[in-house]
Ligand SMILES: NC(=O)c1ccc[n+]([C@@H]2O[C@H](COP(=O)([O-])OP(=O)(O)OC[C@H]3O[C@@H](n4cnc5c(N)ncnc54)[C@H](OP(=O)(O)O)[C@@H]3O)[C@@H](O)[C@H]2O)c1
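First, one chain by itself in structure tokens, the form predicted alone.
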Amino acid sequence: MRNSVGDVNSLGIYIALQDCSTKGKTMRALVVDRSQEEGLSFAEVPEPVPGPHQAVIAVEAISLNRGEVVRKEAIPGTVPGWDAAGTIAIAAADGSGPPVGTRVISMYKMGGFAERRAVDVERLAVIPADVSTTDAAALPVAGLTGLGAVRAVGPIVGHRVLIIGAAGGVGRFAVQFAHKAGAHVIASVGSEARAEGLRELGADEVTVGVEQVPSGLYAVLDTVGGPAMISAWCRLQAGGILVSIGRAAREDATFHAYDTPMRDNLRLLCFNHTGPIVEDLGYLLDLVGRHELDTQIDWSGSWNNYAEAVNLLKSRKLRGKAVLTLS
């Protein structure tokens, strides 16, 4: 197993594992493993030792996000994972945060793919009684990104809004929020098979690709990047905005001469959620509890079957989210 203290320290987090590594307390986790096709494998790693303002979560469900399973810069032996839901096993020593036994959802830049996770109390939210741990696990990265990207556009009542990559986890949340905000939502997908369910979520139009979309768009929310992003940019009306959320296509987006005429006052925003985690996660959880937001979980199962879920995600065969439960 490659999971040295040096690997952990190079990321500047979980330094307390130095103290834990000699105590013999370990846990099962999925770690970065470049020798495997999925980029992950199971290993025994030291349990996290929380700081005074951190709680330890006994993880029950995790969700997969494309960015965390295709990152080439991830250090072998480290524990990835942004989204993890479970129960507070150790409350924060300084008295902040929820007490032991509270169900919570957490979001952090790594450490979620493990039986236990230490996280600052500002990075978690309490799960209401009427929301399942599985549904909660699907929310943090995809839900917060979809919500924030729609907010970033501003008022969109009555405007035509194109969402590229609408079939994915972020895209399906964005479709719902754009619809709630009163937009005429155009959902762009990679194939007809991935379009299933988008009209029920609020899409007014569903199209394969971007080329058939007429010009005059007020806004574009793009999770794909590459040529599709450029094509959509050229379809914006004067004063329009393109919000770049991701680059699932893994292709460069090249703006050619005169693609950005100043007279049109077009705006390009590269978005990453930076808002209040607790408040926004609480809002999403409340919507799910009131059946006003669908988490769109397309695959769920034991984390022992992580390879199946990762391969579905990488091959773009998921219509929404994949959630793994710990067993």
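For every residue, the number given is its place in the sequence shown, counted from 1. Being a predicted model, the structure only gives us computed values, none of them experimental.
The same protein also has a form predicted in complex with the named molecule, omitted here; what follows describes it.
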Option touching the named molecule, based on a heavy atom within 4.5 Å in the predicted complex, out of Ala91, Val126, Ile156, Val141: Val141
Contact stretch among 51-59, 272-280, 295-303, 34-42 - heavy atom within 4.5 Å of the named molecule in the predicted complex: 272-280
Thr145 within 4.5 Å of the named molecule in the predicted complex, heavy atoms: yes
Proximity of Arg247 to the named molecule in the predicted complex, heavy atoms at 4.5 Å: yes
is_contact(Arg316, the named molecule) in the predicted complex, heavy atom dist at most 4.5 Å: yes
is_contact(Gly165, the named molecule) in the predicted complex, heavy atom dist at most 4.5 Å: yes
In the predicted complex: members of 109-134 within 4.5 Å of the named molecule, any heavy atom: none
